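So this first bit is one chain, no partners, the form predicted alone, shown in structure tokens.
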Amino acid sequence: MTTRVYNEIIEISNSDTQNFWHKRAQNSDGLKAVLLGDDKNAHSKRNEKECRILMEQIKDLEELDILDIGCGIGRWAENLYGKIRNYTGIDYSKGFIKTAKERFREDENINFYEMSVCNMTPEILAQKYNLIICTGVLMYVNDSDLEQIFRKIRDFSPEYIHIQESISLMDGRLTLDNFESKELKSNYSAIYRTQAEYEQYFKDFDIIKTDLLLDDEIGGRKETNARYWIGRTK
């Protein structure tokens, strides 16, 4: 049974979501693996746009100490490579972490760990970061874990945060619960929260830039889009 649930808070299966991404890591490569869909040109344009937006807001940081939550294959390590002093990427997909380690095997200051966003702590990662990146992760996290995740991000006391997430453009949220996606050729679960639902978690941050990311050329849809927030810790 496949479901689209509107305006109702339900939980999606963490194990099913993790299995979905394990399969993506095995069967896809490059940006296609992490940005979904088959349009490589759109993936490239989207990635370039995301990078440009972030770089415009963190010009004052000459060197970056980065925590990348949901790092995938390490696209942000590649995007920001020339400014990185230290980079830590975490992802709960063993396949993505294996690929990322191989891609950056010569870089001692770039490290990847198999770890869930729900399990990260300063004690485990033992690193001070001036930039925390979390893109395309929170839509796969249930409401019961969101407060804890934002508290952990705050506990790192980063100078900047960059959060980017797929959202609902409707009055309420949309949840895909084991939805049969013809585009992805797989059943798929995700929570498209509203902008307001996410922004209740930003009370510890001054948001300096936020906007919708996608247009028709790079994946914008009628009901959903991606929104980014760039902020500084208060």
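Sequential numbering from 1, following the sequence displayed. It should be emphasised that the depicted structure is a prediction, and the values quoted were computed from it without experimental measurement.
FYI, the form predicted in complex with a small molecule isn't displayed, but the following is about it.
* To do: Indicate whether residue 72 is a 4.5 Å heavy atom neighbour of the small molecule in the predicted complex.
  => Yes - in the predicted complex, heavy atoms of residue 72 and the small molecule come within 4.5 Å of each other.
* Asked: Is residue 93 a contact residue for the small molecule in the predicted complex, using a 4.5 Å heavy atom cut-off?
  -> Taking the distances in the predicted complex, the answer for residue 93 is yes, it comes within 4.5 Å of the small molecule.
* Does residue 116 reach the small molecule in the predicted complex, with heavy atoms at most 4.5 Å apart? -> Yes, contact at 4.5 Å.
* According to a 4.5 angstroms non-hydrogen atom cut-off, is residue 137 in contact with the small molecule in the predicted complex? -> Yes, residue 137 is a contact residue.
* Asked: Using a 4.5 Å cut on heavy atoms, which of 76, 112, 150, 160 is close to the small molecule in the predicted complex?
  -> Only one listed residue qualifies here, and that residue is 76.
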